[in-house]
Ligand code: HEC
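As a starting point, one isolated chain is supplied in structure tokens, in the form predicted on its own.
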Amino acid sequence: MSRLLSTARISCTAMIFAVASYGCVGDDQTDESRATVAELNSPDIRPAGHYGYGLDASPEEIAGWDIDIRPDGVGLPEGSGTAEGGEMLYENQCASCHGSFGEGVGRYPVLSGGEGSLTEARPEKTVGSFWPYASTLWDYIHRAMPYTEPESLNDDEVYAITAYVLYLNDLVDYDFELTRHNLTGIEMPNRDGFYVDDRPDVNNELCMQNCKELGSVRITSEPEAAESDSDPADKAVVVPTLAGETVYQQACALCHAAGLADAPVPGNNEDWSERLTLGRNVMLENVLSGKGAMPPQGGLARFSDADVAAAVDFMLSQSRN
């Protein structure tokens, strides 16, 4: 961030200087002043693609953004990890969404299984059944996981979690040590299930002949609403309230199941003891309005207040037992 701010200051300074110099030139200015403006704005001395201000990004700045991993392994860093070493990391960082065995929780992605299902009406697209390259798994975990803290894992941890997910799909052994040198050698089951789109580009020719004259097109009829003897109230759509556990699994478990950001874990009486003394209405108001790290409605914008209340009641029921 400091480098970006530094670059911004330099850019702004250059712009102000150029504008100030340009504003000083008039009929009464000297040839020397004119030469200064000409030098600052001359297209002959500006590199291609530049606008006369700012600095080229340094190799270090580029490296901070150049984090993609190619299917042939280019971009993979040094490091290593085993499925055995990644099991606990996965349990702590990934299982709350993806399940302890990659089965998925609620609507979060399933990571394992699904082999042979791609030709079915409802295919199960998992790492083992669908993904063509193991490098894609490393790349995605590195740049986007865990969901609440992307890019917080070091390279060895990414190798270990990647190895464990591959192990869940029966692609490596439990003690297999994954490195940049052997990752691309792992044959994914659906490696040959993709192909380059060979459809030709088609550019339609614009037709500019026999066109209707401007203003000659008229609407000759209007749609009419069908008459009905029924009461409009009979047509009201009733949106049922979702079950509390369903809402919890879809949106609350991400933080509450793992206790992230001090979120109370359902069933942990110690976490809930102080909150229970406040009463259900106060807790519901805190969820709807937002409190601490929790956004309004618990971040559940797509759910109604009644759905949110159902999720709160579900967590309370687990914590009172």
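What you see is a predicted model; the values in this text were computed from it and never measured. Take the two forms, superpose them, and find the largest set of C-alpha atoms that agree within 1.5 Å; that set is the rigid core. The first residue of the sequence shown is number 1, and the count goes up from there.
Unshown form predicted together with this ligand; subsequent notes refer to it.
- Using a 4.5 angstroms limit between non-hydrogen atoms, residue 69 is distant from this ligand in the predicted bound form.
- Taking the partner from elsewhere, residue 294 is found to have a heavy atom lying within 4.5 Å of this ligand in the predicted bound form.
- When this ligand is considered in the predicted bound form, residue 141 lines it closely, a heavy atom lying within 4.5 Å.
- This ligand is not drawn, but in the predicted bound form it has a heavy atom within 4.5 Å of residue 278.
- Note that among 87-95, 71-79, 174-182, 193-201, the stretch whose heavy atoms approach this ligand to within 4.5 Å in the predicted bound form is 87-95.
- Distance criterion of 4.5 Å from any heavy atom to this ligand in the predicted bound form singles out 146 from the list 189, 114, 102, 146.
- Shown without its partner, the chain has 254, 255, 256, 260, 261, 262, 263, 264, 272, 275 in segment 253-275 as residues with a non-hydrogen atom within 4.5 angstroms of this ligand in the predicted bound form.
- Superposed on the core, the two forms differ at residue 251: its CA moves 2 Å or more between this form and the one not shown.
- With a cut-off of 2 Å and the rigid core superposed, residue 263 has a Cα displacement that reaches or exceeds the cut-off between this form and the one not shown.
- When the rigid core is held fixed, the Cα atom of residue 68 travels less than 2 angstroms between this form and the one not shown.
- Whereas the shown form places them at one spacing, the Cα atoms of residue 105 and residue 262 lie at least 3 Å closer in the predicted bound form.
- In the predicted bound form, the Cα positions of residue 100 and residue 260 lie at least 3 Å nearer to each other than in the form displayed.
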